[in-house]
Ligand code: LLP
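First, one chain by itself in structure tokens, the form predicted on its own.
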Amino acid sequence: MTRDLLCENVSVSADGQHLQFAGIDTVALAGQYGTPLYLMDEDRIRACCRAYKAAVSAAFDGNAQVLYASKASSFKRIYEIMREENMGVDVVSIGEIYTAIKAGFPMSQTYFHSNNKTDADIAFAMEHGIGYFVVDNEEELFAVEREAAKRGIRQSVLLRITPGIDPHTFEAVSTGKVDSKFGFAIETGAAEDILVKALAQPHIHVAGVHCHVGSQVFDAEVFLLTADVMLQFIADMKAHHGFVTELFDIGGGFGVRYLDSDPVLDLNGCLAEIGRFMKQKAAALGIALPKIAFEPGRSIVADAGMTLYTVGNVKAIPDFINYVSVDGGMTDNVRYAMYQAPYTLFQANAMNREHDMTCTVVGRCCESGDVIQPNIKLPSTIARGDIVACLTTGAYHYSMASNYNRLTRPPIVMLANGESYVAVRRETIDDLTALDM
């Protein structure tokens, strides 16, 4: 039976029965480690890092950098991999900073985002030698100046600029419009105003500008629109204030396949097109093209992930709906509840059976909104004890997991070179009360 398995690291065993991930039998992994279970394909993560670095370097003649947007999936092993692959990272909290530190990641290659950094956050980051603050508002700019002055240092920053671009993706992940909660809008004059103020701060080095417009982008168009606006702004700031932008971080947002109807991203082609456009635009404006940074997160780790569940019960309501209930749910995958995010699911121990029953896969939480995916196809023979696999779960799953209903979070098992190992252990019920007094 032919199925679109979305990514080349997903396959079916020779006898057609079991789903395999990174060349390993998922049913065997479920038996070895239990469920719910997060799987992460380390080889795929490394391959994605290398593909990005090669494509970005080729597109910008080596004058570029790739940063992993670690909010997508943050745990010690991922930062170790990023260090080994010579990637930069961006972080959005001191928790992510601390995790990176514990993994031995060099802080000089770290960029600190967030629209609301507290004074304590700023002090912690500076104490540990953060590379760049991505300044999101005026209060933050002055707080960074005060903390840098206390330490007698000159702190590098990027200014987060809002170019006014709507990427036509889901509203909750659209971040580049004028009315976004993030950054300084060019259209309102706020971007130029904050640059003038930043340049006047004696303990701040304005290294450049940052923007990010959205997620699940499968072609170059939104990046071309963004680059057009941002390079014009960069040229204007040079003309008006003599400011030469060293670094232009254009963000991330390239998409991944969750369904067989999703397009396949031509990463090399997209980045080459963006590179050509930006070089031509800079030349037309009479400016040198700054060093360019990209911040992929989801597209580094998403299809490197898979989640395995065990079926608890199947409930048929004739003429209405069929429910397949599993031992995980919104505690390990909240994205359907938040975004109505689509997924592909299979019965991992019966890939040779026709997936002929329309059903809704739900979790075990005491919450009617605990849905993993509605209206999908699974075998009509599915029953208690069977294994369900949810594909493309490497991004925004572990990082958004919770203990709602006092459920424990799953482990992360890494797969590499045909072997498996635990990167994050399964939480225990003792962990749930570890902070209780």
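Don't overthink the numbering: it's just position in the shown sequence, from 1. Bear in mind that the values here come from a model prediction, so they are computed numbers and not experimental data.
This next part talks about the form predicted together with the named molecule, which is not shown.
Residues within 4.5 angstroms of the named molecule in the model of the complex, judged by any non-hydrogen atom, belong to 204-212 and to none of the other stretches in 226-234, 269-277, 204-212, 77-85.
Under a 4.5 angstroms non-hydrogen atom cutoff, the named molecule in the model of the complex has residue 400 among its neighbouring residues. Although the partner is absent here, residue 160 sits close enough that one of its heavy atoms falls within 4.5 Å of the named molecule in the model of the complex.
For residue 113, a non-hydrogen atom is located within 4.5 Å of the named molecule in the model of the complex, even though that partner is not displayed. The closest heavy atom approach of residue 295 to the named molecule in the model of the complex falls within 4.5 Å. Only one of 346, 254, 105, 184 lies close to the named molecule in the model of the complex, with a heavy atom inside 4.5 Å, and it is 254. The contact residue chosen from 69, 391, 29, 55 relative to the named molecule in the model of the complex is 69, the criterion being a non-hydrogen atom within 4.5 angstroms. Applying a 4.5 Å heavy atom cutoff to the named molecule in the model of the complex picks out 90 as the lone residue from 82-101.
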